[in-house]
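Taken one at a time, structure 1 and structure 2 that follow are two forms of one protein chain, written as structure tokens.
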Structure 1
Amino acid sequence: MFFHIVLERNIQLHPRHFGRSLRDNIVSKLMKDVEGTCSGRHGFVVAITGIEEIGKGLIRDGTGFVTFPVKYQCVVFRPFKGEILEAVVSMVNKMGFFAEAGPVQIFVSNHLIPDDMEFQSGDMPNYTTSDGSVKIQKDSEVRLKIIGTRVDATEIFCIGTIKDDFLGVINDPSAT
């Protein structure tokens, strides 16, 4: 799920970046430091959408660096249990498969894959139905349901299932 929230961060800037473009330098350093990162509490920061406030700088003793408190708006991505996502399969093995939905990696165990699908090893490992009509392999697009999440300080791990109504392969690259 995507959320638009307000966050705060202290940005340290070297004195050589001061001058007319001070605000631009603070914003570009904030974007470089924050976009693409993950906090366990808020999720993955997708993009900074605006700057609400840049506070007065505080000079750090001995270094000359200045710390600016910045309040900014951003879009974050945080997956939740029960959420339905579309993902791209990145790896298939006999234990199940890994799929990626943006920055999140989701593992789908072979116990959470429909019973009529069997693992096929070879140069392109895959899960195939007995009649061969549906195949899950690398680069297949699947619709899955998140049944569990684990949140660390800098990463979010998910477990998913395709063993439910309207879940499974939506686009098979081998069919084209």
Structure 2
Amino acid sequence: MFFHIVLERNIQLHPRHFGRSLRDNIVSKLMKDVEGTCSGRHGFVVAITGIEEIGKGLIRDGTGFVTFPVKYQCVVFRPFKGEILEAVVSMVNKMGFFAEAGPVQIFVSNHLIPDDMEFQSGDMPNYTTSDGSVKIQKDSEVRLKIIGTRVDATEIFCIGTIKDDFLGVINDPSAT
């Protein structure tokens, strides 16, 4: 799910960036530092949408660098265990398939794909029901439920399932 939240960060700036455009320099440094990063706690920082407050700068002893505490609003993407969302299938193999929902990758193991769907290898590996009516392949859109997340310092990775009511393929690219 996407959220709009307020975060805080200390920005260190070299004295050559001071002067009339100090504020602009702080903001562009902030954007460069945080946009596109990921933390386990807040998820992926997609875009900064506004600056709430820039605090008083503090000169570092010995270096001349100044640290400014900045409060900013941003759009983050944070997946949660138990959340249901839509995703695009990016890779299919006999172990299961990978899907992407925005910046996050979700793996669905073949144990969590309905039992009546069989793996078919070939040019376009896919999972298909025995009557061929439902097919999961690259670029299919699926609705899945996140059942686990693994978080490390710079990445969030999810495990999902489509073995539940109202989950599964919502759009098959080969059908249209």
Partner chain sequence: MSGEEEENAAELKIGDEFLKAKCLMNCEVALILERKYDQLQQMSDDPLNQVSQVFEKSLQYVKRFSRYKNPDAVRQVREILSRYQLAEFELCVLGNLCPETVEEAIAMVPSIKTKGRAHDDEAIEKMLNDLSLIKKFE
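Throughout, residue numbering runs from 1 along the sequence of structure 1. Small disclaimer: the values here were computed from a predicted structure and weren't measured. We call the rigid core the largest set of C-alpha positions that still match within 1.5 Å between the two forms.
Label of the structure corresponding to the form predicted in complex with its partner chain: Here the form predicted in complex with its partner chain corresponds to structure 2.
Please work out, using C-alpha superpositions, how far the smaller rigid part turns between structure 1 and structure 2, and give the answer in whole degrees. So the smaller rigid part is rotated by 15 degrees.
Cα shift between structure 1 and structure 2 at N25, which is computed once both forms share a superposed rigid core (Å): That residue's C-alpha sits 3.5 Å away in the other form.
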